[in-house]
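As a starting point, one isolated chain is supplied in structure tokens, in the form predicted on its own.
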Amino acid sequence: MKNKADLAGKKLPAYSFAVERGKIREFAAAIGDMKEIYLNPERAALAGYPDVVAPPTFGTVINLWGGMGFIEMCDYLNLDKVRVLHGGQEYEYLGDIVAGDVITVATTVSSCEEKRNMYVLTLESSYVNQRNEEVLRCRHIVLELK
């Protein structure tokens, strides 16, 4: 692709991820937040959840284990892998993600701007559970140096 601006509006292939108790436990341990609602189904039930609940930023686990890998994403968007940097990421929480959910993620390149020495791509993702409830939105900034 000669003109990176043409990336705006491009959709990445959607994917689904089955949320498991083990992945929630691993992530809670990795971030050092061992709340009982992340680990113990009975404690989660007492707090009103149908199963253990995922900690904030669990969307990162869904991306890493369910979506395209870094090299695949760069190839799909025609980005130079050695010039790509993570520019930032933010989440908007709309509901809970719990063990047993199947989350489907749809991602679109919402913009691609050319700056002095780089391209700035904004990817926006919507995370929807098996009940068709949007539970999370993510905005991810990808930088490609010229």
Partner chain sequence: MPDFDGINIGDEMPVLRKEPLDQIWLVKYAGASGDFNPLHYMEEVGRAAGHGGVIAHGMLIMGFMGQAVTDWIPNRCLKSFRVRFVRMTRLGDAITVTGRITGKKVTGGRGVISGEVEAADQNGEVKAAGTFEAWIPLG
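Between two forms, the rigid core is the largest collection of C-alphas that superpose within 1.5 Å. Numbering follows the first chain given and starts at 1. Predicted, not measured: the structure shown is a model, and the values here were computed from it.
Not pictured, yet referred to below: the form predicted in complex with the partner chain.
Checked against the partner chain in the predicted complex, the residues Val61, Met118, Ala106, Leu39 give one hit for a heavy atom within 4.5 Å, which is Val61.
Residue contact with the partner chain in the predicted complex: Arg21 places no heavy atom within 4.5 Å of it. Taking the partner from elsewhere, Arg43 is found to have every heavy atom lying beyond 4.5 Å of the partner chain in the predicted complex. Proximity of Val102 to the partner chain in the predicted complex: non-hydrogen atoms within 4.5 Å are absent; the residue sits far from the partner. Put simply, Ser111 is far from the partner chain in the predicted complex: not one heavy atom of it is within 4.5 Å.
Although the partner chain is not shown here, in the predicted complex the stretch 75 to 98 places heavy atoms of Val82, Val84, Leu85, His86, Gly87, Gly88, Gln89, Glu90, Tyr91, Glu92, Tyr93, Asp96 within 4.5 Å of it, in sequence order. Once the cores line up, the CA of Val82 ends up 2 angstroms or more apart between this form and the one not shown.
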